[in-house]
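Read the single chain below, which is given as structure tokens and is the form predicted alone.
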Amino acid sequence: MHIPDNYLSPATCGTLIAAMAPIWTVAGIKVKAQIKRHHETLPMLGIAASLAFLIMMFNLPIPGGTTAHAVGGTLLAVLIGPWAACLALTVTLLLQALLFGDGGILAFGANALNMAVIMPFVGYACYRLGQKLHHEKLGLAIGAYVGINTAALVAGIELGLQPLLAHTASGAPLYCPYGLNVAVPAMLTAHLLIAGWVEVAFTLLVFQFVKKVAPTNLYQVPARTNQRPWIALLLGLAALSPLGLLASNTAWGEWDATELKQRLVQQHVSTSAPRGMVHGFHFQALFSNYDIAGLPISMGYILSALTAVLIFLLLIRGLQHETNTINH
């Protein structure tokens, strides 16, 4: 679901970044107020961002030769609140794009809208409805499934609109070459059949874990949180992250120009990749595809996971120190 650069037109990317700006502003204000009321929100932001990062490393094989992954958007919204989840997922997506080349720099607004806004807020709404009907876990499961599939639907629409929004005088697509009739079914099929159910499983398992280590709901009834079980969980997921390599194919809509050209030729659609993609913005991340030069890819995966967790926790530690300094 991480849309790379050059699949969306610059106009689309700019519009979605502009749309996200007020959302990030409101999220910052809401979370700042939440931290003042409940100080445990701040360390949980780092833990939540780390958790989402690790969950997204576990790629799943999809029939047809592509892959997908869970995200944890609904889970984060339930743990720390939807606005805090929005910020945590935004930071996760930013680190993925800048350091690991997972998701585009110009497409950051689109990815944030899909995974940091639509997914947690839709999922949380379903969860709250389940709570009101006295079926908390059912609401959580439905929220996880509906949240990720709603985000996948919107991503499919964003991609599928490109041939209509950006094309040459002869009608050839400049960016994503697949229309709505291809992009939407492709995105939804992967998530309705496989990724959505894995999202549900991850969400319920971690939620059950939370109930054991922190019986009160962290967002609605905050309590002082013991971070040791969380750190153990994060380290365990980091150690298991190479399992994501078992699905080695590229997710739908995340091919580079060479891979896309091969697909288009095989499908007798075109003999070349779209012009806007070939001559577009190309950013080379330091650890592209979670690969660290000179190390086996599995070790690169583990070190990438640990690096991300360390960055998030150090970032939060710095914010805690600054907050304490201001308060004193």
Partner chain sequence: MKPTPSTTNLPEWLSNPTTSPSRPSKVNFWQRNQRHLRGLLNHLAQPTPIVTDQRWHITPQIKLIRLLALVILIALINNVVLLWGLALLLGSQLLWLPPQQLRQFMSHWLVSIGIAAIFVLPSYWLAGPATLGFFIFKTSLMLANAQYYRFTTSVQDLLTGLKALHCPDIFIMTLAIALTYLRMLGQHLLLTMEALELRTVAPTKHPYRLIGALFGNLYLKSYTYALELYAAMEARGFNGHYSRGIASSNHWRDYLALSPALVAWMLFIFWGR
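Just so it is clear, the model here is predicted, and its values are computed rather than measured. So that the term is clear: the rigid core is the largest set of C-alpha atoms that superpose within 1.5 Å between two forms. Positions refer to the first chain, counted from 1.
There is another form of this protein, the form predicted in complex with its partner chain, and it is not shown here; the text below is about that form.
If you check its partner chain in the predicted bound form, you find no heavy atom from any of 138, 158 and 161 within 4.5 Å. Proximity to its partner chain in the predicted bound form, defined as a heavy atom within 4.5 Å, holds among 210, 188, 125, 142 only for 210. Heavy atoms within 4.5 Å of its partner chain in the predicted bound form are found in exactly one of 127-135, 111-119, 95-103, 144-152, that being 95-103. By the criterion of a heavy atom within 4.5 Å, residue 193 is excluded from the residues contacting its partner chain in the predicted bound form. Looking at residue 83, you'd find every heavy atom of it more than 4.5 angstroms from its partner chain in the predicted bound form. In the predicted bound form, none of the heavy atoms of residue 77 sits within 4.5 Å of a heavy atom of its partner chain. Interface residue remark: residue 64 is not counted as part of the site for its partner chain in the predicted bound form, having no heavy atom within 4.5 Å. Residues of 166-191 that come within 4.5 Å of its partner chain in the predicted bound form, judged by any heavy atom, are 172, 173, 174, 175, 176, 177, 178 in sequence order. Comparing the forms between this form and the one not shown on their rigid core, the Cα displacement of residue 44 reaches 2 Å or more.
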